[in-house]
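This document opens with one chain alone, in structure tokens, the form predicted on its own.
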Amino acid sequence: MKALVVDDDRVLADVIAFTLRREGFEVILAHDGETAWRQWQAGEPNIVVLDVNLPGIDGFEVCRRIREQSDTPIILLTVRGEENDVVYGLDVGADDYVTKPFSPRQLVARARAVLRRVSQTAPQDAMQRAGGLSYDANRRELSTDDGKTHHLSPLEGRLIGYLMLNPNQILTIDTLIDHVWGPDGGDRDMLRQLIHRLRSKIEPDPAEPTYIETISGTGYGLNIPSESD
């Protein structure tokens, strides 16, 4: 299993690399955005641990470029805790988001959780349908009943796919986190931001959602009207 570790803090990058190697990973190191992009193209890593604040092109841009070509799992590292950065990180396709400072062993656990989730995701050839929604898991394209098609990130795809498997049911916050990120990844704030991003793509009015309903204090549900409605 090969990991690309990207951080301009060389001491931290070495600590992360050492911890990953002890866990059996082969590690490639990069300390700026351009080198990270070249290393990813040349090395075909199984997972990328990517700092946001990099010299040259930043981690968000590296993430965006990778996601345009591949579903390689990406964990973003940042000292920022602002909500807009979490939203943007998820929007450009990150699979997980870890705020510094953190325990390297916790990072390894998150990396393994992401890799387990990817390995357990079986290919889906058939379209998923629920009410006026149609989701092509291979293309990660969701068609809504207004005739529009929306391209989703891997996390958005996992979330809407699970909601569509359970229409008109209340899914708890913990259940959704466990499905989207696995037991060692994600949190309530990340789920809230992911819901926000998905609504901004598919809802006619994200402020008054018609598809993804919030059940106060419990979780979320996909609202699919019955044929008699």
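One rule holds for the numbers: they count along the sequence shown, beginning at 1. Not measured: the values here are computed from a predicted model.
A second form of this protein, the form predicted together with the DNA, is not displayed here; the remarks below concern that form.
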TODO: Counting non-hydrogen atoms within 4.5 angstroms of the DNA in the predicted bound form, say which of 148, 151, 100, 129 makes the cut.
DONE: 151
- [ ] Answer yes or no: in the predicted bound form, does the DNA come within 4.5 Å of a heavy atom in every one of 140, 173 and 215?
- [x] yes
TODO: Within 4.5 Å of the DNA in the predicted bound form, counting heavy atoms only, one of 186-194, 163-171, 29-37, 42-50 shows up; tell me which.
DONE: 186-194
Open item on the list: Against the DNA in the predicted bound form, would residue 11 count as a contact residue? Criterion: heavy atoms within 4.5 Å.
Closed with: no
Task: Contact of residue 179 with the DNA in the predicted bound form (heavy atom, 4.5 Å) - done: no
TODO: Although the DNA is absent from this view, report whether residue 220 comes within 4.5 Å of it in the predicted bound form, heavy atoms only.
DONE: yes
- [ ] Find out whether any non-hydrogen atom of residue 114 is located within 4.5 angstroms of the DNA in the predicted bound form, and reply yes or no.
- [x] no
TODO: Look at the CA atoms of residue 38 and residue 153: state whether they lie closer or farther apart in the predicted bound form than in this form, given a difference of 3 Å or more.
DONE: farther
Open item on the list: Relative to what's shown here, the Cα pair residue 26 and residue 158 differs by 3 Å or more in the predicted bound form. Does it come closer or drift farther?
Closed with: closer
